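Next up: just one chain, as structure tokens, the form predicted on its own.
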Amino acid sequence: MGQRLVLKFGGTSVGSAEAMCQAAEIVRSVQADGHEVAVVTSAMSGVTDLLLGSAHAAVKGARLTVVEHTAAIRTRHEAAADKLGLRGDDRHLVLDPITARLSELSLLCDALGVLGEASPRALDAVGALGERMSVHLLAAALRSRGVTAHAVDAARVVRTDDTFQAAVPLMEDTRRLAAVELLPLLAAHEVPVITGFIGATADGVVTTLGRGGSDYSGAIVGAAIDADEVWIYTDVDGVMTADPRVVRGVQTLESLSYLEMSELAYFGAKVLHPKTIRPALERGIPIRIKNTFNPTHPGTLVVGRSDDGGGGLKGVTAIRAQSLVTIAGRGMLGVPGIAARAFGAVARTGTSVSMISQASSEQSICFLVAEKSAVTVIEALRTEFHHELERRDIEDISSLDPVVIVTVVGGAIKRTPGVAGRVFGALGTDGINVIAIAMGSSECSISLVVASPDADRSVQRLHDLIVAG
């Protein structure tokens, strides 16, 4: 008996007519094997950037830029339609809704030009247009291969809250809508082709799940229809042990646990959107990461638990362009509320903290933020603690930048003796100084901070541990 599968295709997988044909052939082949298939698609690669660039240009009154971007988007989609061989009614069926979306873009940009600002809601309305165009092309590519396919706007299926630019799915409502919009198509052996990245509020206002959110959409749809697996198609063979642009001898991982994948995604691995894991984890649905352009490769399977090969280590990654912010002073010793006030001040700037480390003496606390946010964060902290600074209870609030967070991930780290010793020993042997450490909050990762010039060497040395096993 076949499985119920969700196949999600990223921007490079639908970036041209040739890529769409490859994606369509994969879907045809999987369905021909007896599986029920729902497809989730991204916008064509680069189109979302052009759309959002148009919105920001409109705010600045740069009408010519809007016209140029709109023309480029139109040309991309019309060229794809030509190469797909669409003629007559089929061509109108695809290009008419695309033309309507481009008209919508023009109207939205006119409004933004008048207002002189772009709200998160407006940016969602603009940013969602890419998927709402590409979905028609991919559905047409499927129909040309004899697959009965229907373009489905996720605004009719994925219900979210109204947190524009980073909407949260409301899964019970989404499951109810999916039962109406998607399950009948699957039961009829037809393929719904669903727009990734977007959803809608209960009032029908379009939202987006955040950049890269089409992966998230794939997992949301998978959870909503009780899929057996979700397959995320990208342009690499799966999750690598490290970034092949930086490290020699990288390997494709056969399997990862949900927790391992979450850590790798959060700490910089670009293969999977960090939020993708949660809907799949809650429903116990495996995720398989595969290569559109090498479809016979098995890819990487993300499951509840995985083999702890490699001596407990699975992958190593890095977050670059970080600043290490330090609050230090003998007057902090034993004073309650310092950390709460510090992170409250950071939160009010809208800045995310990626790592925290505190001395047991309570005389200092340090944390990592994006380098571009460091000045704003330090100003906020100095305002918050201006009395303590005057009294010298806090002696210094400063930043060290640029630095890099290097994270080594493996499900057995917490329960395998000697892993930390191997990690720090490998770096020490190569003369690499570790500036800060975070370990223990996650059972499957060790994060450490090094100076930016030491980042590539650090990642390579830790990757050597993984390969050595």
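No experiment lies behind these values; they were computed from the predicted model shown. Sequential numbering from 1, following the sequence displayed.
There is another form of the same protein, the form predicted in complex with ligand ASP; it is not shown, and what comes next is about it.
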Does Ser214 reach ligand ASP in the predicted bound form if we count a contact as any heavy atom within 4.5 Å?
-> yes
Contact flag, Ala43 vs ligand ASP in the predicted bound form, heavy atom cut 4.5 Å = yes
Residue contact check: Thr70 to ligand ASP in the predicted bound form, 4.5 Å heavy atom | no
Please run the contact check for Glu131 against ligand ASP in the predicted bound form: heavy atoms, 4.5 angstroms, yes or no?
-> yes
Contact stretch among 99-107, 339-347, 205-213, 139-147 - heavy atom within 4.5 Å of ligand ASP in the predicted bound form | 205-213
